[in-house]
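Take a look at this single chain, the form predicted alone, given in structure tokens.
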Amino acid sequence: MGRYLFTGGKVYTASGRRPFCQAIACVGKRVIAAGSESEVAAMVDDSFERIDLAGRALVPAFTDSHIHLAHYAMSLANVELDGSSGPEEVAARVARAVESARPGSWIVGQGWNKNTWPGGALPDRSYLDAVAQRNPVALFSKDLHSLWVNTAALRIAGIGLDTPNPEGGEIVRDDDNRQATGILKEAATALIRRVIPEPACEAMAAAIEKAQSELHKLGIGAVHNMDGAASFEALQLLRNTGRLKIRVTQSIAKDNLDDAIDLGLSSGFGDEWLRVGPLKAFADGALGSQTAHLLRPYEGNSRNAGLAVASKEEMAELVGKAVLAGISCAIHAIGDRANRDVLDIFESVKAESAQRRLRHRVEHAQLLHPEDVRRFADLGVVASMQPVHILTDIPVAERYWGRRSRWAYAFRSLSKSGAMLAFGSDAPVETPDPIRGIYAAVARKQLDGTPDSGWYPEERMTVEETIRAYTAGAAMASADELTRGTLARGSFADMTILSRDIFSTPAAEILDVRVAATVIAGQFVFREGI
């Protein structure tokens, strides 16, 4: 059992009564004291290992409030396409993967982004057919809402001239011959996903085990997992074999809701390592694919206002069913129309939700109409957001949302209204690195430091407010605030030590901050230079 005393730095407890102190001590998996050095010294003896923070900041371990854990884990071994300059470079990367692949095996990758390519046009299957005739290829876009495949993949999925668009999705076709181009959007991606062989449970568990070590290096001690049943099965295997070293709140996919209800599962069931969380469902698409559902059409395209993945009536029925079963809801909504519709639905179940103490969430909440900002606080709905998207979304939002971007990533406005914020990454869409997320929320600039004055700087957050959203806010979102997200007597000893005092670090230097150590349940799971 570890016994540690940390002194000599800035301790951020994320507690409203005493957010900062000088020292903290833990025994086993719990914090026993946090306060001044003299106060905490009175609670320890010579058996404690004394660790000098040497001016560093110690904060509650970060929580990633929105991560696709299995996708992130598997992405570490897939073809990485982020940063590719165009379809030609993507094809070259796929060609290298084909060289070492068995004939007939799937080539899977992710990260291509047409919005950063010259011209910004969607690619087609001809690029992939040229380098992969014997291997089916499936490449997820950066936002995971579009899929680019080759002819072999279309053939395996049985997608032909007569295949209809599924509800809430699109098989993109050539205007002249109606042939599938190789691009599938939103719900249509399921036509390919279902024929890609899933890894065995042990293989997925091993990938997640490796991924959790990477997350520890980033100071992350807990995640809210937005992947589905196969991921949950692998996590249970890790938990049952003592290999799960990160706290997981597991969402329930829409397709699994009836099974969860039949089993009598409700949000909060589980233990300190693995718990059942909210229903996860989609109201719309994404900015990158121009499928986020908007109140007005996209700039430059009067025929496109995005895509409702499910009708408002269907979503209301789904949410109502979950609430009656004691299951909270986390609904993906990016466009201002989708956010308004989801807030309307949450308003319709406000009384029933309060009776069951359910906290609902809007996942992403990227673009809001100003009239809807206050509704998050009024309804007690969590804004589960990912600041790291700002690093790549600024030019895309300006291009497609125009002046509406004033209300994109409206962190400050939501916070001032009293809304609860919980921050995450959406990995593998973006890096899970919280330091980059903190920089994005505080500076509201791209990695190159532009724009100089920040993108709508009136929506900037302070470092403390941002870290609170990665810690205490995240714990509130999953109803874990009694034991997680803050550092107080009796809370779990989940802590991250940073390389410097981030609270006094200029915004431009935040990206230089590194994680020096991560402690989960009173044990070092990552330690470097301390």
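Because the structure is predicted, anything quoted here is derived from the model rather than measured. Each residue number is its position in the shown sequence, starting from 1.
One more form of this protein, predicted together with a further copy of the same chain, exists but is not displayed; see below.
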#### Entry: Interface residue in the predicted complex among N78, N113, S266, T151, criterion: non-hydrogen atom within 4.5 angstroms of a further copy of the same chain
S266
#### Entry: Contact residue in the predicted complex, chosen from E317, E347, E89, E233 - any heavy atom within 4.5 Å of a further copy of the same chain
E233
### Message
Within 4.5 angstroms, counting heavy atoms, which one of the listed stretches 317-325, 205-213, 304-312, 285-293 is next to a further copy of the same chain in the predicted complex?
### Response
317-325
### Within 4.5 Å of a further copy of the same chain in the predicted complex, all of S499, A508 and A517 (non-hydrogen atom)
no
### Message
Under a 4.5 Å heavy atom criterion, is R275 part of the interface with a further copy of the same chain in the predicted complex?
### Response
yes
#### Entry: Heavy atom of R406 within 4.5 Å of a further copy of the same chain in the predicted complex
no
### Query
Might G270 be said to contact a further copy of the same chain in the predicted complex, defining contact as any heavy atom within 4.5 Å?
yes
### Query
Can N165 be called a contact residue for a further copy of the same chain in the predicted complex at 4.5 Å between heavy atoms?
no
